[in-house]
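Take a look at this one chain, the form predicted alone, written out in structure tokens.
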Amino acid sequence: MKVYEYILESVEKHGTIHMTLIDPDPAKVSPERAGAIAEAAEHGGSAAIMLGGSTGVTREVLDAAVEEIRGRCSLPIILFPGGISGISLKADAIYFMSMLNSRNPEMISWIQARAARALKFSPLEIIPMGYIIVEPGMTVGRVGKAEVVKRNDVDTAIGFALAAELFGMKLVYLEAGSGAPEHVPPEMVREVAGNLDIPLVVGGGIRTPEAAGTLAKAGASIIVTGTLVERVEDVEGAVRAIVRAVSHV
């Protein structure tokens, strides 16, 4: 089964699913630790592993992380690249992302154009995604030169999300930024989800099952947590609590 088909079926079955984001930067998470986190996340009920985020990760480090995860976890491994260096042919799929509200054309289409030919003929499943940075945006917003969508500017968020859908993208991602003090507002999630016919992903600043459940009730199809699993000792327990909070809300 294709990864995107698996995502759609999982969302249909559970209502909202959880994905675990692992940043393979060795300064944060070693390949061995990445494998352990992925194993615990699978036991906790996470639906997939997203791998990426840092812009300085080398192909060698990424390959090592994928191999460790593959050896300990049967979930799909989806690349979440911070740039061209964030590509490993050992993974299952890649989010082909366009940061739609960036002021830098590189982040909208130029980096993607440089990688497109190689990706088209690679074994990776390509999943086009519209990536929208919401205030505060954190590091990803700064590095991506995003014109962040203000937390109360629901109309602009809807506009970007619908543009992604009309471009033919398969997912929309509302991103508050890793380590954000606040997640994307539920009101924004509700309005964006209500206007979309494709799944809505929400990440950044989600630290508790209660927060995850609130966003799931608002209409998020996929909840992503990353910083959380880097910082807790009981990854399986933390993921299980979030999965219980979002499933069939």
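Fair warning: this is a prediction, and the values are worked out from it, not measured in the lab. Residue numbers run from 1 along the displayed sequence.
Missing here is the form predicted together with SN-glycerol-1-phosphate (1GP); even so, the following discussion is about that form.
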Select from the listed residues 48, 62, 216, 224 the one whose heavy atoms reach within 4.5 Å of SN-glycerol-1-phosphate (1GP) in the predicted complex. 224
Proximity to SN-glycerol-1-phosphate (1GP) in the predicted complex, single hit among 83, 179, 159, 136 (heavy atom within 4.5 Å): 179
Is residue 205 close enough to touch SN-glycerol-1-phosphate (1GP) in the predicted complex, meaning at least one heavy atom pair within 4.5 Å? yes
Would residue 21 count as a contact of SN-glycerol-1-phosphate (1GP) in the predicted complex, using a 4.5 angstroms cut-off between non-hydrogen atoms? yes
Among 196-204, 27-35, 63-71, 40-48, which stretch has residues whose heavy atoms lie within 4.5 Å of SN-glycerol-1-phosphate (1GP) in the predicted complex? 196-204
Only counting heavy atoms and a 4.5 Å limit, does any residue of 116-152 reach SN-glycerol-1-phosphate (1GP) in the predicted complex, and if so which ones? 131
